[in-house]
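Heads up, what comes next is one protein chain in two forms, each shown on its own as structure tokens, labelled structure 1 and structure 2.
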Structure 1
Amino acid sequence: MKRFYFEEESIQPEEFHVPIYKRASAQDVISIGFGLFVLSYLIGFYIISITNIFIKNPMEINIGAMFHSPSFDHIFGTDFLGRDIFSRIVKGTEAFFFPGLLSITISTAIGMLFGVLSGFYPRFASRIISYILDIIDSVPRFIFILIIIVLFSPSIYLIMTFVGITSIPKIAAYVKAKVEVLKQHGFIESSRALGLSQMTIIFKHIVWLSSKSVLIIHATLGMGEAILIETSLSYLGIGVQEPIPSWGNMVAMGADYFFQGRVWLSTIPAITITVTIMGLYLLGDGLNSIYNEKVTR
């Protein structure tokens, strides 16, 4: 009998009245669970690395203990200077955590502003904004970052600021599409009739109550992109510089010993990067399909 009841309920087309936990399929639950796991260990690593408890000193060189493979003493082994790889991986979260948050903040804040403006004023503001956004969009991000590195100092905060700027167009496009749909709805008209100010309508009813899911999804995917950019730049040697640990330069340093058969030096950071980015992508995609958004990376 119970099964019939569920089938009847799933037929109903009214998406608004189905609570979120009932909309989620098995795939979404697995994706979001894995994503939350990744998020929790990222935050845990960051807290450990700023308080310096539980880990060995990531900078401490110990020539007597070079190239130790993973054991109880060193969970992930030691690298070519005898430094503990696990504590370097924990410390490596510092390289992208705060810069990544900075990049997300810039891209969501400005993207939202541009999207709302061009959705509400389609004549004039929309043309100028879309021209500016197309300029940003048509230079490949990596080339743009290389130019920024040539022109100014290669600081990771500056690079992440520009990563944030280069992901503005996507967010602006989605918020704009959302605003254009929402403008037709009755509740906007009725809130106008109630005499609410334009600011309240925009920021409370359109941004906060209706499009925060888009912003959350974009923040998740943006963090993954920030990690990818940081690791790639550090790998190339123009991001975080060597004595300071970063997952990217750990892979790059370990790559010299990769073909000698000492694979864990670069494999362990690479697996960490893969699992982290996969978790963030899965979290974004799971939230995407729950909220019925169509956000692309």
Structure 2
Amino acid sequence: MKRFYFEEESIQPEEFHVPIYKRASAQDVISIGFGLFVLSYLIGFYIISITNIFIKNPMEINIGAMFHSPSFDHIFGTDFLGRDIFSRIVKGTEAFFFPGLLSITISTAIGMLFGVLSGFYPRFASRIISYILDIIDSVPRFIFILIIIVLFSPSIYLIMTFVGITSIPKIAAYVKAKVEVLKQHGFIESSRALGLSQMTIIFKHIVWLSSKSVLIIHATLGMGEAILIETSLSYLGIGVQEPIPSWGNMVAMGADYFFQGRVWLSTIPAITITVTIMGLYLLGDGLNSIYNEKVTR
């Protein structure tokens, strides 16, 4: 009996599960470099925040230091209670960092599970999962967030859990499409003939080798979306509440003093939000361009 070897047959699994790369342009390099810079200071801010090193106490009120403009002692100045703005910006990363990771984890894990099940077992799982995903996709996200806030306490973890759930259909559709493509080319059957286990085929060849690019891109875009949602809700007063620092509520509190000439109170947190979200989206866009994946948000 003739044995199947990938190197001797026309079936080349690598051409199906390895993304199509292209040579990075200068724009891609700049986008990815800027995005990595933003990602590095986000992680650095979070580590500094949870360890409370290199920063002043973000909750400490100092009436004698009210409205100090940016200086050597306070590089971003102080607010209307004399609190150090830089320390509060660093501490504010806690408001979205873990909630954002929670959202990404939920959407990625459940999306991969649904995609694999509906792709591997179309007769049994595809229809049920399709109904579930259609229901999730039909729910208006912003309206449902407001319902959650009304019915429950405005917990950012609960909100980000829902954001992660609403992102499941995109991941599930992508993974399902990958499974269907590989099945059409006989890759899965050939892998089974070679003695590969079901878990190896799913997690190594489909999830890791075939889908890792879109999962990484989804993670960068998902974190940017988490920051945008958290800061928007905090700005509106229904997210993280004072005195706990959040970039959104810092912009809201500083806006009252903008036309008094104390523009740094709101503009510095606003610039931080803009630069951070733009950096994460540029990172995702640059990776998307290099991997040549079609990813939409």
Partner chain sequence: MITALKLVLKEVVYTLMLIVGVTALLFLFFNLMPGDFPGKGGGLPAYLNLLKRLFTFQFGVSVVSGVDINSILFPAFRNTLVLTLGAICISLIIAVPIGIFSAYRSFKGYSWPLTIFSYIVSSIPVFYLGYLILFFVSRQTGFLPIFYPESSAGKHRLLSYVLPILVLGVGNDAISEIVRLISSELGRVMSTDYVIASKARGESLLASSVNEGIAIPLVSIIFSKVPFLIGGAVIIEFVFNWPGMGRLAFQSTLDRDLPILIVIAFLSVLMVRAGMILKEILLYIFNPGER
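Quick note, the numbers are simply positions in structure 1, starting from 1. Model, not experiment: these values are computed from the prediction. We call the rigid core whatever largest set of C-alpha positions still superposes within 1.5 Å between the two forms.
The chain appears twice here, and it is structure 2 that represents the form predicted on its own. Relative to the superposed core, Val116 undergoes a C-alpha shift of no less than 2 Å between the two structures. Superposition of the core reveals a Cα shift of 2 Å or more for Lys183 between the two structures. In the core-superposed comparison between the two structures, Leu196 has its Cα shifted by at least 2 Å. CA movement of Ala173 between the two structures equals 2.4 Å, with the two forms superposed on the rigid core.
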